[in-house]
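Have a look below at one chain only, the form predicted on its own, in C-alpha cells format.
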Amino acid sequence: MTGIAHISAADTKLAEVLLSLDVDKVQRQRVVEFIDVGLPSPHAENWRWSDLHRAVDKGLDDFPATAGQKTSVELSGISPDKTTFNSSHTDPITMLAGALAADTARRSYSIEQNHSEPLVLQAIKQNQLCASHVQIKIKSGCQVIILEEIADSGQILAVDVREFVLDPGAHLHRILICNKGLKQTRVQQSFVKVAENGHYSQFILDFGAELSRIETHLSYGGENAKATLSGAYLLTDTARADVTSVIHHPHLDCITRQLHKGIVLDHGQAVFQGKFHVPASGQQTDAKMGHHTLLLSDHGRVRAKPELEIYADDVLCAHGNTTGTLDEDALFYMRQRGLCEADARALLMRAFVAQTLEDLPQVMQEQVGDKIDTWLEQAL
C-alpha cells in the first residue's frame, strides 16, 4: 500500500478481503491498483463529512461473505455492446468497483432510438461485497428515460459506477431511487458528458443507509447544452445520505439547474456538496444551485457546502442554501380546519419536496410520489 499516506483499519481489512476473492484477470489488475491508493481519504475536502473508512470498517466486521452468484447487470430491452469494456477513470471508487465487478457486472450499452417508456437498469447483487460498472451512450437526437432502483439485499458494501455519454442533441432522463438500508454502505458514482444541444436530467430519491453517497461529475462537451439535477433525501432513524456533485462549464451558453431538498428526522444525517466550475472559456454560462432542508429533530444533522469557482466574466451563477423547520402558522391553520397534527405535518412535508418532482417525466411522477407518501406514513 505504498500510495496511501495513512493506512486505516478499513484499508487493511479491505485489502485482505480483495486478495482472498476469486476474481478474473481484469479484476485482479484493479485489485492491485486499488490497494496501492486505498479508500478516499477522510481528510480530503469532499469526503470530510462522510467517513467511508468508518463505515467499511464497521461493515467488514460481519465478513466473511456468504456464497452467492456474481453480480449481473441488465438494461431492459437493450443488448450489451460486444466491444471490450474500457474506462478512462482512475479514481479510487472506480478502481474499487473494477476490483469487485466481475465480467457480468461490467457492461456497455448504446441506445440508438427513442424510448417513451422507462428502460430499467438493474444490478442483481447477491454477494455481501459487490459492484457494477456500466457505460451508456445515447446517440444523437434520441430521447430516453432510465430508471434504476437500489434495494438493500444484504450487502455490506455496494459500489456502482455509471458513465453516461450524450451525443449532440440527445436527451437522457435518469431516475435513481435508493431504498433504506441501515446496515449497508453504498457508493453510487456517475460521470456524465453532454455534447452540444444535449440535455441531461437527473432525479435522485434517497432514503439513506449506514452511508449512502451519490456523487455526480458532469461536464459539457459542446455549446448550448443543458443539465437539470434534482432530488430529495428523506431520513429517519440513523440513516445517512450524501449528495455530492461537480459540474464543469467549459463551453459557451450552457445551462445548469440544480435543486435538492431533504427532510431529516430522528438521528438522520445529511450532506450536500455542490460545485460549479466555470473556466475562462465558459462565457455566458447560466447556472443555479439550491439546497433546502427541513431539520425536524434536535438529534439530526445537516452539512452543506455549495461552491462557485468562476474564471469567466460573462456568466449568471448563483447558489442558495437553507435549513429550517415546519411553519407553525401553517400547521395551526390546517389544525383549525380539522386535520390532525400528523396529517398536517405530512401535508406540509409533501409540499416541501414536491418542487423537486416537477421535471420528472409524467410516467414516473406517480410512482415516485407514492414512495414519498409511503415514507411519510411510516415516519409520522
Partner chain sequence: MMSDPANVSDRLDPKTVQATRDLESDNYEHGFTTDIETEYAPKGLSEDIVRFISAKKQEPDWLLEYRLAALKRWQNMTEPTWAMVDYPKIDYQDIYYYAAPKAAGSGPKSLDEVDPEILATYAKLGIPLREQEVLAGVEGAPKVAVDAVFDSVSVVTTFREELAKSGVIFCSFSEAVHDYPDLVRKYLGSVVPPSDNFFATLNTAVFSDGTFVYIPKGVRCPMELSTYFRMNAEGSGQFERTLIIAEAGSYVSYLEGCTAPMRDENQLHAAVVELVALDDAEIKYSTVQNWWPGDKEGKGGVYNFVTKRGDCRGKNSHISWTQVETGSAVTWKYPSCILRGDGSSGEFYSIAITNGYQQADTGTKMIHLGKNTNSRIISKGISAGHAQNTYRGQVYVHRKAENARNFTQCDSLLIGNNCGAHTVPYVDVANPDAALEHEATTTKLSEDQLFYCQQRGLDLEEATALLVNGFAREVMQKLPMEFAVEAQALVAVSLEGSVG
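Bear in mind the structure is a predicted one, so any value in this text is a computation, not a measurement. Residue numbers count along the first chain shown, from 1.
This protein has a second form, the form predicted in complex with the partner chain, left out of what is shown; the following refers to that one.
> Out of 205 to 213, 219 to 227, 181 to 189, 290 to 298, where are the residues with a heavy atom within 4.5 Å of the partner chain in the model of the complex?
Among the candidates, contact is made by 290 to 298.
> Taking the partner chain in the model of the complex as the reference, which of Ala346, Cys317, Val37, Leu331 has a non-hydrogen atom within 4.5 Å?
Of the candidates Ala346, Cys317, Val37, Leu331, Cys317 is the one lying within 4.5 Å of the partner chain in the model of the complex.
> What is the one choice in His171, Arg162, Lys305, Lys139 with a heavy atom within 4.5 Å of the partner chain in the model of the complex?
The residue in contact is Lys305.
> Give a yes or no for Ile310: in the model of the complex, does one of its heavy atoms lie within 4.5 Å of a heavy atom belonging to the partner chain?
Result yes; Ile310 sits at the interface with the partner chain in the model of the complex.
> Even though the partner chain is not shown here, does Ala280 get within 4.5 Å of it in the model of the complex, heavy atoms only?
Result yes; Ala280 sits at the interface with the partner chain in the model of the complex.
> How about Gln27 - does it come within 4.5 Å of the partner chain in the model of the complex, if we only consider non-hydrogen atoms?
The answer is no: Gln27 has no heavy atom within 4.5 Å of the partner chain.
> Taking 4.5 angstroms as the cut-off for heavy atoms, does Arg350 touch the partner chain in the model of the complex?
Looking in the model of the complex, residue contacts with the partner chain do not include Arg350, since no heavy atom lies within 4.5 Å.
> Does any residue in 32 to 59 get within 4.5 Å of the partner chain in the model of the complex, counting heavy atoms only, and if so which ones?
In sequence order, Glu45, Arg48, Trp49 come within 4.5 Å of the partner.
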